[in-house]
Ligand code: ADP
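Form predicted on its own, single chain, as structure tokens, below.
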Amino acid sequence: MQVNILFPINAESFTYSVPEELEPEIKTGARVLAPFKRGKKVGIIQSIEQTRGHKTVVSSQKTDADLNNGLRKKIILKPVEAVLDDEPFIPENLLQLIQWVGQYYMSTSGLALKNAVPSAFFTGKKAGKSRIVYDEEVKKAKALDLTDEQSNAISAINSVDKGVFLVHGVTGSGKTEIYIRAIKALPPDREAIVLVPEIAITAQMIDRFSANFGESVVFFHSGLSIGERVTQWRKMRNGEVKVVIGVRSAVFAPFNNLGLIVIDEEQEASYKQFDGLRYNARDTALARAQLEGIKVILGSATPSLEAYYHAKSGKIRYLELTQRIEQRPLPRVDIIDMTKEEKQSFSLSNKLLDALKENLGSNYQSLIMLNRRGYSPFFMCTDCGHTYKCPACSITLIYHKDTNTLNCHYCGSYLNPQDLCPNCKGTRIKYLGTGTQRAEEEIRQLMPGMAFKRMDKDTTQKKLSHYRIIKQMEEKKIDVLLGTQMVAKGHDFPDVTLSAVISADIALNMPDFRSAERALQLFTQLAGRAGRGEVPGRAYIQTYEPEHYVFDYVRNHDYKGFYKKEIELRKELSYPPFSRLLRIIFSFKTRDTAGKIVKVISNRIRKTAPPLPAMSKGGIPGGIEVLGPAPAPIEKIRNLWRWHIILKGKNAKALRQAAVFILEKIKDMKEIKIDIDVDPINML
């Protein structure tokens, strides 16, 4: 007997022989201890093969490095040393999903395994005790009256055992209640996964679901300690719970009898992992549902253009919620032209400031979004124009006043600012632009005496910090909550009657074909936080580009109008959903090396006749179009100079074939690191 063992590393499975005395214990999905290089590793049995004899087996497996280099390595391995589980540790359905993820994203099953299962199960480290403690007792769920639209949606979902539904509901229309009712309607032995895009959203979700499902619900995300992740994972695998709520990695929940996956705010970019295994949890969930024959609910007030397009073309079921609960009106949206509006501070117009003061005086709460951390995005010498840039990345450093450091939000490095300009020795150094720290400082000065909190990555490092801020908002202990985009998504505060965007232009000016779509989604989400109680809401959006077409649709809550305009632009340029994309990223240690090697890459791709009939130098309709190689918009990250090629086509398989063809042409090249991003959602 021999087994193929998958380790949580960037490689495919390795083949080992099995000693005769261990054969009765061997099961697919069980953990084993096996020799690896000069040590030992814990891995998972991916498959079992019956052989004659028990000789050491020669393995010829293709790793991620092999894919890049076009090589196959032969590795001679020894027999398995021990079987660590009496029963399969990973269910068969999850093993299939892991293999699919590795193949589809042109990575490896080993890297997919590493993302799917907590590392403590392979390292042998003691996980410790779970210390998941919340401040409040779980309250029983209140009986809610459903709208006709909610009832119709629930009936449609509950009428089938499999299929994909897009629940397109305006903010405050009761999508979460639909999720809960759909899960309750599952057979008793069926389980459910609920994916949310941000850790901050899980706080209220956990309360809602705990009120309905009690101890049958767990949550799972990166904010948990190792011990907590292990505890929650075991509960899922052992069938002790019915529902898991979590961010991206919860898509790999080890349920044996999954019946439903819910993807809340399905359009969110945070479902995509941007390094290592570049998988998208939304698309992985759709693949898992197909593999296991179950239902998926995609929920959003502002669906991705791809999801809405597929719903309109009949590929997925479309369910619409056009009204808020109890017929509450959508908030009035006011676009503030910052080129004309008077202002008392760098960040706040008088109009917005007056509205905030009025709201505070009426004893209501306000939400403010500024999607930029730190104090100031530019630390500039006004004598010579010098700006501080990250030595490892081609971006400006962000000044953080609380630590008095200039921070890089890409690589994490920082510098200590000096009194003299390093370029001209001048002393006139100014902070230009606004981040959440500076906005907080200005708001506190202009509105003294209020209860204020800031919620961004810098203030939510401690455990349960998200949860406690949300609780304080629910208990009206906060008058004004300022934060990055995490304040815009999924929260339900009945006493928030005002929401605002301080600097909308940040979202509008990203060098990406999806920038307008993301801006509309973000502004609509933020506006939708207001007016969920008895008092109608107001939303204010400050911008220096009030004529941008996005604002016409945000002002009128007109997603469909925006879709009609944007889908025509996508069609004209043949961007998703009318095509699929694949991005190959080349990284080099020096700029000179990058320039030289990229020239060779370019020549090899264009001079060699490819084996794909659909592929040509300029691209042909229905074929593969090759864009680049060209410098990435952010050319340098973590001391690596980056170029990329973008492949565009209608067929996913043909795209991957084209990528393999390109990699084959450069397999002999050294001094180059290659990453592949299947279905990229940004081009930075």
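In this text the structure is predicted, and so the values were computed from the model without any measurement. A residue's number is simply how far along the shown sequence it sits, counting from 1.
What comes next is about the form predicted in complex with the ligand, which does not appear here.
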Hey, in the predicted complex, does residue 543 get a heavy atom within 4.5 angstroms of the ligand? no
Find out whether any non-hydrogen atom of residue 177 is located within 4.5 angstroms of the ligand in the predicted complex, and reply yes or no. yes
Classify residue 208 as contacting or not contacting the ligand in the predicted complex by the rule of any non-hydrogen atom within 4.5 angstroms, answering yes or no. yes
Going by a heavy atom distance of 4.5 Å, is residue 532 a contact of the ligand in the predicted complex? yes
Could you work out which of 380, 510, 156, 146 is the residue within 4.5 angstroms of the ligand in the predicted complex, going by heavy atoms? 146
Quick one: from 325, 316, 291, 395, grab the residue that has a heavy atom within 4.5 Å of the ligand in the predicted complex. 325
Please determine, with the chain shown alone, which of 163-171, 86-94, 558-566, 453-461 has non-hydrogen atoms within 4.5 Å of the ligand in the predicted complex. 163-171
Partner contacts in the predicted complex for 488-505 (non-hydrogen atom within 4.5 angstroms of the ligand): 492
